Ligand SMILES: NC(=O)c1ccc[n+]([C@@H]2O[C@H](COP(=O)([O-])OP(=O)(O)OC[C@H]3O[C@@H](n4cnc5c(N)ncnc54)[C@H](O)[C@@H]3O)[C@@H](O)[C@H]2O)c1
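In structure tokens, the next block holds one chain alone, the form predicted on its own.
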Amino acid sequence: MVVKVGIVGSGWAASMHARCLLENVNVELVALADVSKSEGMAFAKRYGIPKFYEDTGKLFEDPDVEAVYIMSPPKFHASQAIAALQHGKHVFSEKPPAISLKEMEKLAEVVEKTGLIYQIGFNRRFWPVYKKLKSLVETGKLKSYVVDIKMVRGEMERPPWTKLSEVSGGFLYDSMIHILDLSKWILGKPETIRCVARKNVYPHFDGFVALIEFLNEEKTIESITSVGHASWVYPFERVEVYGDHSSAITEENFKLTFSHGKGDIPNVEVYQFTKLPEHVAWGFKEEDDLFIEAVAKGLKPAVTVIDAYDSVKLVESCYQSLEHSGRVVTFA
């Protein structure tokens, strides 16, 4: 079965997904919608998309479109996903799924009511480096006693709406939501969250430190540092897991080092992913292939609306703690 796809938006994320979808023999790109006619038509020409709409609603009404990719700025994700679902279209949405819990609850209701496929783009779940890390934890080779995560970006200027909290939802929704979802995916359900932040450079909070305790067997404690004004210094993202005389350290999506043993010269395993194509190493290819398969075969999506809801609730828990000077918040 060939799934006919329409895309909303023509930015960087849209180009990554278009590249993946064109490589899938079970996909036909049939329409694109963008508020910028010049950018949208250039994008459509580049990827061989025959139809272009300035009005997103027209794409949702197009009978040729079976599934929609929402690649617009975050403030539009929930409303556009809801509109597409109500027009009978399956939906893949880039993160965040919504920028408030109220929006997320309405979206979840529509997904349940329509029974259509909805998948959220938490691509970290599909990074080969993180899949390897998760396997080390799940098999017991690495006990997740203490975890430290760094996720930073150099600036909040590109795209320009990134620094506008009313459009992006704020830095937690725009960026750190990836790490919050990744943490839950690898470590299980959080128990408590503490968060403090500062407005250092930009008009809204742009520097965060969070402490999370988990309900897993190891009772993991995790710290997350995330800022939006770090300069582009490598690595932008790193996860460190410390276990029973063992540790694993990732560097971006390219490398994982696993060390175990008490001796001065421990056992060290190094996993390199540098030779993978960009869209594979960054997880886009696998998540797109799984979404198309779910649509074609009526399968459960790889990342569900429940996962989307939990991620929004984690963000809101961080903000709730932040608003009360880092007070402990229970994640029910």
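Remember, it's a predicted structure, so these values are computed and weren't measured experimentally. So that there is no doubt, residue numbering starts at 1 and follows the sequence shown.
Absent from the display: the form predicted together with the named molecule. The rest refers to it.
J.: May I ask you to choose, among 202, 76, 214, 208, the residue with a heavy atom within 4.5 Å of the named molecule in the model of the complex?
T.: Only one option qualifies, and that one is 76.
J.: Could you work out which of 161, 145, 185, 254 is the residue within 4.5 angstroms of the named molecule in the model of the complex, going by heavy atoms?
T.: Only one listed residue qualifies here, and that residue is 161.
J.: Would you classify residue 5 as touching the named molecule in the model of the complex, given a 4.5 Å non-hydrogen atom cut-off?
T.: Output for residue 5 is no: heavy atoms all beyond 4.5 Å of the named molecule.
J.: Can residue 26 be called a contact residue for the named molecule in the model of the complex at 4.5 Å between heavy atoms?
T.: Contact with the named molecule, no.
J.: Taking heavy atoms only, is residue 36 within 4.5 angstroms of the named molecule in the model of the complex?
T.: Heavy-atom contact with the named molecule at 4.5 Å: present for residue 36.
J.: Looking in the model of the complex, any heavy atom of residue 123 within 4.5 Å of the named molecule?
T.: It does: once the named molecule is placed as it appears in the model of the complex, residue 123 has a heavy atom within 4.5 Å of it.
J.: Tell me which stretch of 302-310, 28-36, 61-69, 267-275 has a heavy atom within 4.5 angstroms of the named molecule in the model of the complex.
T.: Going through the listed ranges, the match is 28-36.
J.: Any residue of 80-96 with a heavy atom within 4.5 Å of the named molecule in the model of the complex counts; write them all down in order.
T.: Residues within 4.5 Å: 80, 94, 95, 96.
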